[in-house]
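Next up: just one chain, as structure tokens, the form predicted alone.
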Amino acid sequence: MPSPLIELRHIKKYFAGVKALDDVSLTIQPGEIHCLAGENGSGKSTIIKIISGVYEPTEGEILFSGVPARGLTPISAISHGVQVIFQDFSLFGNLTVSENLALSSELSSGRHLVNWKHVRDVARQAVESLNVKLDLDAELGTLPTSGQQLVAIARALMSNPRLLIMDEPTTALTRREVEVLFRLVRELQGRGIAILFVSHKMREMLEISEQITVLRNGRVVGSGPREQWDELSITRAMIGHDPSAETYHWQPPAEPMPPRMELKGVSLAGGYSDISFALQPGEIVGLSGLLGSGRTELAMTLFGMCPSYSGTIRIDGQDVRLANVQEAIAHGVAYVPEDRLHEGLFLTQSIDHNLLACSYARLARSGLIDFAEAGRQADGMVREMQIVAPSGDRPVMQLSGGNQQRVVIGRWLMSDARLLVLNGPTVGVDVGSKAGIHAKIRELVRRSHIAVLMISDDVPELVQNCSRIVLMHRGGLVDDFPTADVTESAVADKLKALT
């Protein structure tokens, strides 16, 4: 039997005395699609950085094709055929596709002037190697996430890798884009390239992988062929116990109340048209649809970011005009964006400052902020949202993805929101944190009777948490149905029928 492409033997890694990896062994065969699963903080990123030469293991050894690799560095890892596509792609948004693809070769050429013909030839060959169509002259930042990912893959293939590590590659992709990515992954496998697919999405692991290794708290807690796993066994291995199967069931208030929010014939040129539905106090309604359905534009309208809309929006029975973000906040509308890192958080600021960002005006008296009261309220929200951190003074960028999302949600709950619009509430969040966020949302809804519009592609998330699901397609409302009488597969079939 040939030697494994790469083998990690009894790897340990310490950071300032803290054990990040504890006796981890991992084997990847040539041309194998191997999934590395685990919650945030389980050690997945540390393994990626050890394989790619960024970190040196404290103990243990790494072998390539049976030969030990000592003193591995990023450059020597590349020479061994390792390429990593990180979650943020590490591309330049203000450069064109061609410039992103040819940058390394131009820098290594030693020329003082750019050879633009060479740039275009290199980029064209890289894109042709994937058999995809990309506008080489397009500025990278104008491409959708799926297009940027294709550029990152094309760039990685330029060095003829033997192992391609993909870190959370489907985080910001729609289901259709995931299917395109999976077809591409299988094509790369057909060329003999091994794929280490790092994820925490169970269904995708089971769909694409041949081998699955699960980490928990820096240790391997399970490893084997895909056939021996299912969603429950992966989840149990990741979090160490059986997940809760609790679902949310909305109960109408004892006394009749006007809808928390009601839309009548709401339209936005170029976004959506004639949208009408309502959310009741204490109700969680799901909103889903394919890319381009208009759902994000609708969410932005509700938060005052698309003032040119037409139609009627009512909150608690009163007609409102959401002309800007300040108006939306004043009417009790809160918005949690899908991209929390760039749109939802002040990454270098503390947890407390992020939580209080929308509350300082409320806490001010005669132009002076009561910082003592602000601190007490922030501490209370940290406890309320179960944010895991030594103190509220820590920069929010140091938190895990799940805890960062709790900070964003907690900020709006401190503003006495009446309508919470959640756009991808658990995107990029591991299964344990995901369950905790869902439980917290349901608890807050029951207690405060806020209404929640949950926008998501995650069918289990919608079915488990929402009383109804509204589907949009090409800017229109095409379905509105209760979740009590449908299965996850039935909802998935409805979404698939929209393609």
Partner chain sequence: MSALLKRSETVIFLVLLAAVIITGLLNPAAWQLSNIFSLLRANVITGIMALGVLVVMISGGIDISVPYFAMAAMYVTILGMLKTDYAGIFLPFVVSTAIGLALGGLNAFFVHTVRMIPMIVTLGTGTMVRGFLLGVIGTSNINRDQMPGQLIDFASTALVKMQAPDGSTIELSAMVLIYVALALVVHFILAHTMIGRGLYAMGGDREAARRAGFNVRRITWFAYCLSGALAGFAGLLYVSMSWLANPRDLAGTEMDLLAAVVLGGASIFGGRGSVLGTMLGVFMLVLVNNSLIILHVSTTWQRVAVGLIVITACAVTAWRDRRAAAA
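As the structure is a prediction and not an experimental result, all values here were calculated from the model. Residue numbers count along the first chain shown, from 1.
If you look for the form predicted in complex with its partner chain, you will not find it shown, but the lines that follow are about it.
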Checklist entry - Is its partner chain in the model of the complex near all of 99, 107 and 139, within 4.5 Å of a heavy atom of each? => result yes
Checklist entry - So which of 316, 88, 416, 187 gets a non-hydrogen atom within 4.5 Å of its partner chain in the model of the complex? => result 88
Next on the checklist: in the model of the complex, does residue 103 come within 4.5 Å of its partner chain, counting heavy atoms only?
Outcome noted: yes
Checklist entry - With the partner left out of view, is residue 310 within 4.5 angstroms of its partner chain in the model of the complex by any non-hydrogen atom? => result no
Checklist entry - So in the model of the complex, does residue 269 come within 4.5 Å of its partner chain, heavy atom to heavy atom? => result no
Next on the checklist: My question is simply whether residue 114 lines the interface with its partner chain in the model of the complex - judged by any non-hydrogen atom within 4.5 Å.
Outcome noted: yes
Checklist entry - Which one, 283-291, 210-218, 114-122, 163-171, holds residues whose non-hydrogen atoms are within 4.5 Å of its partner chain in the model of the complex? => result 114-122
Next on the checklist: A 3 angstroms or greater change in CA distance between residue 291 and residue 86 is reported in the model of the complex. Closer or farther than in this form?
Outcome noted: closer
